[in-house]
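Only one chain is given next, in structure tokens, and it is the form predicted alone.
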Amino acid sequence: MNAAAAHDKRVRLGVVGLGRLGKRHAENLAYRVPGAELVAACSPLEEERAWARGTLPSPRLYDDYAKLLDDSEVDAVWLVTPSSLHAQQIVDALRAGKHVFCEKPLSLDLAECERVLAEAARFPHLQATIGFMRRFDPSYKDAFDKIAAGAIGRPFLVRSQTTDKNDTDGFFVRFAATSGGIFLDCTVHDIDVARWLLGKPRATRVFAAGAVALHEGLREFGDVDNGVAICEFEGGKLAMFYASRTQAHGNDTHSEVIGTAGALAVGRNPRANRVEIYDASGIRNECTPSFFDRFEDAFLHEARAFVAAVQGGAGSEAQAGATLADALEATRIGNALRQSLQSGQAVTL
């Protein structure tokens, strides 16, 4: 098959996991990604399969992941499952001859990350990508391109934050037992962005601290609802991180890159749109309510890039996604931050 024909061939996908994020991915793949055909979906929960029946274009539905992998008409799997399952599910997909996209993190365990990398090396013809979608956000991508072009000189410091609107329903507390803690759950995106924008340097030392401001139930799991961290990289590069689960105004995700000849900021004002409200309280704009809304375009662009890569038309955008090795480094740093938070000491990597 020539390159043009390969690029025109539709990629038949199966989504695994139909929770709040899985539903978003499934709808993108079904209706908004050229070259993609959503042919299967998998969830152990009947209510999620019922949602798929009523929303998606007649996919084959499975309650067991192994059965989906046995489906010869599925070319690639899209994993939106609990973090503890990711590593083995990626390995199983590769062994079944499927390309695989997996939401972050690759794993909460470094040994498991390394096992997946070793397994993936046996299947170089298969795409394996981890969902660090900020690399596909138009604003972050523009900042990356400007830095690569030398617009701010040599970048040496990143300040980045992921802060979510306070969830009074207590989702984060219920999730705490398996989330890996605030730094692996939230800051892992900032870690990946920092390494990406700084040229992928190796981390050498980290220090983290945190506080429980509102969600007392997190203490049982050694977790916090607000955390700060410093990460030192080789070559004198630095990153400063802030994560929060208690914001009053909405999802406030932004990053700043400082270089020797200037600086760039992405998303400093987390505005939902261009409307400004003038009233007795002053002038203000509404904030993006959730990360779904802030990164809607990024989720779509990463899906299109993955499908293009599977088709064989891997252009520059298709190659811009996070590799398994990138995901391993994010887990390595995130684990060290969690260790530092719990010990109160700096951790050398």
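So that there is no doubt, residue numbering starts at 1 and follows the sequence shown. Keep in mind that this is a model prediction, so the values were computed, not measured.
From this point on, the text means the form predicted together with a small molecule, which you will not see here.
Interface residue remark: residue 85 is counted as part of the site for the small molecule in the predicted complex, having a heavy atom within 4.5 Å.
In the predicted complex, residue 185 approaches the small molecule with a heavy atom inside 4.5 Å. Contact annotation: residue 189 falls within 4.5 Å of the small molecule in the predicted complex, judged by heavy atom distances.
Contact annotation: residue 105 falls within 4.5 Å of the small molecule in the predicted complex, judged by heavy atom distances. 81 is the sole member of 226, 129, 166, 81 with a non-hydrogen atom lying within 4.5 angstroms of the small molecule in the predicted complex. Exactly one listed residue, out of 327, 18, 13, 333, brings a non-hydrogen atom to within 4.5 Å of the small molecule in the predicted complex: 18. Exactly one of the stretches 35-43, 303-311, 50-58, 276-284 approaches the small molecule in the predicted complex with heavy atoms within 4.5 Å, and it is 35-43. Not one of 140, 259 and 322 comes within 4.5 Å of the small molecule in the predicted complex, counting any heavy atom.
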